[in-house]
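Here we start with a single chain on its own, the form predicted on its own, put down as structure tokens.
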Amino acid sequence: MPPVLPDFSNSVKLKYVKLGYQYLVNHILYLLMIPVMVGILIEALRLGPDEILSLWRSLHFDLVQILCSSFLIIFIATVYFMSKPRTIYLVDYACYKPPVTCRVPFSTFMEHSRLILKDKPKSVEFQMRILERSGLGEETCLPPAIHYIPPKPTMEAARGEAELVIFSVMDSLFKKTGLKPKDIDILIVNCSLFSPTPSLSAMVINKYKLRSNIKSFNLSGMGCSAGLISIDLARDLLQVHPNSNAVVVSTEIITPNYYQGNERAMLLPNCLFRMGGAAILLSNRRSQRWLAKYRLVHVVRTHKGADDKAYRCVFEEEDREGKVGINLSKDLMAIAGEALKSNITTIGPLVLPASEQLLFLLTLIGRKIFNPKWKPYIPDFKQAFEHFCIHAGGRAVIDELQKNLQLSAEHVEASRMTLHRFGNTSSSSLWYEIGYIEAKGRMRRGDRVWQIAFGSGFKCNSAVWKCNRTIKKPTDSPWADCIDRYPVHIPEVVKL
């Protein structure tokens, strides 16, 4: 009888083997320097102090050589520091907390649906099934105009919601940072579906009497990933405008976009989207280096709009009855997966340690040369980031990214709890997620944060931040009064 081989999977701690491999590859340069330094030390000991001193004296330097060398060093240093991108700091941010009068428990939402769609029981049943599996909680909020039966999506009500959300987060940001309105050099407001005239950015300038030479921008129609597009725009502007402050306001105005028709693909956003907003202060001033919470490391944007299916997968249009709504395609998750794949292919080499990049390269070569059926290696992004902020677009989005990126329940906890407490607040959801991590006291100096957002078009955008200082639990966060209850268990189906 042939000898039984030992079970190496049990006898060898493969986890420690992988940790050893990661340490070896990631510190290979330092490890190679050790024998070099030891060799130099042994040679110095062999020569002795007298021989080393005589060797030094044998070297001849004249004044011209010294001056030329000094000039060259100064010139190279000057070119390096002048061409180096300016560091962008995230000084602080503020998230909007809706009043309790705007809350929409499941029972209220379903009662309104039955009254508004009383002749369409199948649509009511469809909304109930979506809500049961949505991952939302009982405390999400809708604007006052949507609480009427039927809703009153007037221009006046939409402006009222915009003023309520945007002015609230701006006031909170001024209070947190001590920033004065006249100190704002750049203003960017993004709101995808509500784009009035004058613009929302003009509304902010009028309210706070900002300077006449302010550089203001209003982004619309760019979906839930517009927040990171605004961050990217602010970064580019801060690179060319020294000693400046930029304020980014991200929100979505729900009032004029509540669908009152019967198309199922258009009813889905009603069940997921809720009130929310955030204001973020970015700066390139060196004086903010020690005060700022985070430093911007990378922004990577991926746009799949050249593909017709990707372009139309989130599409605003009229239904058969002429009622406007957002049509979400059945191909949405597949298209999001392709966009994510393109995005991480770009961001991977920028953030992954050498050990993960080497494994990915070897697997890629093996599939090309030896066997195309080899399973592709999925890099371990947990080696590159301590925190993940995945856009809280819906339960399916979070589930898919957790599976594809092989993340633990704790890594996606901020996204799931944000969806549960505030719903899908569109482009501002990423800031509620960072707020959750801070409220839990988990953000430490040096921690790296990966924000991932998806948006119509179709886009997948990423931002990487590095924490500047250990952040204490904030007392003025929208999570402050409920963080002790979280995390909560979210069942697969909540029976209504």
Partner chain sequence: MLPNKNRPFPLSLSYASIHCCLLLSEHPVQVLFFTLLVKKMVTKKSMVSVHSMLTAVSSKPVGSGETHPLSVLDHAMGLHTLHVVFYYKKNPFGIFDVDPLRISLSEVLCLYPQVTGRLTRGESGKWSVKCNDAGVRVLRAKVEVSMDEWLRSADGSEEKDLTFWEEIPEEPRTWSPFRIQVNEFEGGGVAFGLSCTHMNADPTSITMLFKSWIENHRQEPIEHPPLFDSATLHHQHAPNTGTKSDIYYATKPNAEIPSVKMVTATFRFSDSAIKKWLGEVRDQCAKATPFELLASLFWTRVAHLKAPKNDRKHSLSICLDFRRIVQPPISLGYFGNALHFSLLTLNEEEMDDVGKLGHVVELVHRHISDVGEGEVWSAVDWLESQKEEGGKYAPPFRMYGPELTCVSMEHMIIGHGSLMFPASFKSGEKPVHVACHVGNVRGEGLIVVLPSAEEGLARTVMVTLPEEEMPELCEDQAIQCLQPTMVISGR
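All figures in this text were calculated on a predicted structure; none of them were measured in a lab. Residue numbers count along the first chain shown, from 1.
Omitted from view is the form predicted together with its partner chain, to which the following refers.
Sole residue of 323, 182, 133, 152 within 4.5 Å of its partner chain in the predicted complex, by heavy atom: By the 4.5 Å heavy-atom cutoff, the listed residue in contact is 152.
Residue (of 193, 266, 164, 203) lying close to its partner chain in the predicted complex, criterion heavy atoms within 4.5 Å: The residue from 193, 266, 164, 203 that makes the contact is 164.
Contact check for 312, 337 and 341 against its partner chain in the predicted complex, heavy atom at 4.5 Å: No, because 312, 337 and 341 lack any heavy atom that approaches its partner chain to within 4.5 Å in the predicted complex.
Heavy atom contact within 4.5 Å of its partner chain in the predicted complex, the stretch among 329 to 337, 293 to 301, 143 to 151, 67 to 75: Stretch with heavy atoms near the partner: 143 to 151.
is_contact(residue 369, its partner chain) in the predicted complex, heavy atom dist at most 4.5 Å: So residue 369 does not count as contacting its partner chain.
Contact label in the predicted complex: residue 101 to its partner chain, heavy atom within 4.5 Å: Yes, residue 101 is a contact residue.
Heavy atom of residue 215 within 4.5 Å of its partner chain in the predicted complex: Although its partner chain is absent here, residue 215 would stay clear of it in the predicted complex, with no heavy atoms inside 4.5 Å.
Partner contact for residue 138 in the predicted complex: its partner chain, 4.5 angstroms, heavy atom: Residue 138: yes, in contact with its partner chain in the predicted complex.
Heavy atom contacts to its partner chain in the predicted complex at 4.5 Å, residues of 102 to 118 in sequence order: Counting only heavy atoms within 4.5 Å of its partner chain in the predicted complex, the contacting residues of 102 to 118 are 103, 105, 107, 108, 111, 112, 114, 115, 118.
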